[in-house]
Structures are given as C-alpha cells and as structure tokens.
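Just one chain follows, in the form predicted on its own, and it is written as structure tokens.
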C-alpha cells in the first residue's frame, strides 16, 4: 500500500507498506507486489485490461476480516451484526456477510429482496428508514423481518393497521434521537434534533406507552443511530450512557429483547504513519483509528448490565476499504497553473467527492518513483463538480495509465447513476487468486430500456 505524507513545502513523499504489515493493521487486502497493485493475489491491472474501466473491484477477504473483527469484539454479549445494505448492495457482498452469519440493516423493499436473493434471512433484517410505504411494510411483514426500526408515531399506526389486516404481530423498535452531536459531516449526522430521524429522547417513554396499547405491535426493542464516519469513541459512549438507562426502563415495562446501537464506525480514507512507523493508523487530523476492540472496550461495561441483545448496524466499516474504483487516464491536460488528469470514471460512478468533498486516496496501478506532481484528477462529465481530487501530489503518469481510487467499497456503486447517459461499471469480486464478475458492465442500449416516445409522436 502507498500513501502520501505532505511536507511543509507542499511536496510529498511516498511511503510503502508491505502486504504483511497491511494485514496486521486489518485495513484491507490491496497491496503492491513488486511494482504492481494487487487485490489479494490478483493483479489489478490484469483485471482492468480484461474487463475494462471504470471498474469496481472488491476483496472478499477484507469484507470477511472487517465483519469478524466487529463480531468478535462483541463476543461477550448476545449480539447480531447487521450489515447496512445501503453502503454496498452487490449480491456477492451480501452473500459474503450472510455466509458469516450476519444480519442486515435495510431501508427499502428492494434491499430486502436483494438480501433474500443473495441467500440472507429476512428474520435477520432490521428495516429502517423514515418513509416506509404501505406496500413495503406489507412485504416485510410477509417475509418475516426481525424488526421495523420506527421513526414516527404515524409509522407505528400504519404498521399496526397493516399487521392487523394480515393478522400478524409486527416486531418494532422505536428509533430514539438522543440529541448527541457526532462531530461528523453535516450530511451524515443523524442524531440531533436538527435531523429528520427518530423521535426525541424526552418523548420516547410516552410513545412506547401509547404503542403498547396497539394490539398488532410487538415492542421488541429500541434503536438509536447518531451518524456516520465517526472516528472516536466519545460520541458513542455519550449516546449509550444516555439511551442505555432508557432501554433498561423500557425493558422492565414492555419486555424488550434488544437494544440497537446503529452503525457509524468510521474508516481510514487518508492513511498516514505516526513518526514514519507503522505503529498506528491515523484517521483525519492525527486521531488513532477507532478499532472494534477499542469500541467494545469503551461500550461493553455499559451494555453488559442491560441484559439485552445488542444489534450493531455497520456499513462503511465493513465495505468501505474492501473496494476500489479503477479508472484509465484518457488525457493529460496542462494549463499555465494546473495539471489535469482526465480519466474515464466520473461523478456518476463515484459521487462522494462531488457530494461530500470526500477524500479518496489515489494510487497508480504501476508503482512509480520520481518527483510528485500537483494534479487534479477529473472526469469527463460536463460539471465543474466532476472531480476526484484537487492539487494532489501524484506520481507522473500519462495517457493510458491506470489509477485506483481507494476505499470505494461503500457508497460507491450504490450511489451510481446514468447521468450523461453513461453506463454503470462492471463489478468484480476477488478471493485469493480467483476473480469473478459479480455485476456485468451495463450496455449503452440498456440505459433507455423502459422509455418510449409518446403515442402522438409516432
């Protein structure tokens, strides 16, 4: 693995980590073997040449390692790790989680269908989201989901009515908004009263009391979620210590079975070394990465005494570092002030930089030495926001060379679109020395399937 550390004069130095060091840090299984970037034991450039670009590539071993790290960290508790399907809904990714015994955090009937199609169990699915339709609730009840994470009293009433018509008891957990600031990006903060999610902490006990009188509801648990890409334990500790006693009271009054902590554990998008040593991974402004062990160490004391099953709903932590987006340089354009690397991937393939100003590490598939050049990596879409980095020190590369956008396994392909009538990329899963297409590249003519001209235009 390679990453850059900025020097005071604005230049950068490339650092390299061996495969074994990378594995010891449980980051991911993308590494340089000689001068070539590999995913596990497969050359990334070989895949790019065979399947074309843009191209998403996933490491099955990384998904497995990340899931098991969380699962094992909670081993002292009765628990279920429910992977957030919205982060990566590829069926091969979902099957990997299902085979590990995991559950799923879903936010639509479509995601539930994907889980079932991938071999997952509806009975291990927590159905979240603020706007569940009647059709979605009916389908989820028929399939037997583990719980509905309910966001409003209006939703409770709707679920009760639909369950009554189906002659079923609907398992529910009301989502508590604890009004805890997670200090993350404004667009992925969910746990304050400024957000649309959940019900205010002060109202929860009254809501449960009213819900207990609805004949078709099973008050199975209570849920919270404070945000995403959180890289320190303090916000989680604050929320658990606030909501935990509430969960205990609700358990005593209504016989609750579980307490869902939501997801939100962050990942390293911008790796750096502390004092040039691989002793610590750093995230953001010099903060040590929040590991599953550290997360559990800080939360277990408050959770053990509750006697409740604990649900965790991670997405990015499991899938984020497991995937990359490979792109080919079409042109190098130099102006008086800029060096533009114009690539064949675009904001419709990976929207995070345009949407969140998000950072993704960018590596050449063929490791290069020499002086680094301050470069903008931009896509072909006719939008100024179609970029992957600005003024990033990168090795000298040319037309036809390949770049890897790292940590693209979460909120990458799932947020893709056909903007500019661009086809969706292919997706590859790698396990050891094996690679398989797990989503074929979309054909251009498929983009407008389902469209038609109006009868009077014929």
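Positions refer to the first chain, counted from 1. Because the structure is predicted, anything quoted here is derived from the model rather than measured.
Form predicted in complex with a small molecule: not shown, discussed below.
Of the listed positions (177, 229, 348, 90), a single one reaches within 4.5 angstroms of the small molecule by any non-hydrogen atom in the predicted bound form, namely 229.
Screening 324, 81, 222, 84 for any heavy atom within 4.5 Å of the small molecule in the predicted bound form leaves a single hit, 84. Not one of 162, 169 and 218 is positioned with any heavy atom within 4.5 Å of the small molecule in the predicted bound form.
Annotated contact segment (heavy atom within 4.5 Å of the small molecule in the predicted bound form): 352 to 360, selected among 380 to 388, 352 to 360, 337 to 345, 241 to 249. At the 4.5 Å threshold, heavy atoms of residue 69 stay clear of the small molecule in the predicted bound form, well away from it. Within 4.5 Å of some heavy atom of the small molecule in the predicted bound form lies at least one heavy atom of residue 265. For residue 198, no non-hydrogen atom is located within 4.5 Å of the small molecule in the predicted bound form, even though that partner is not displayed.
The small molecule is not drawn, but in the predicted bound form it has a heavy atom within 4.5 Å of residue 316.
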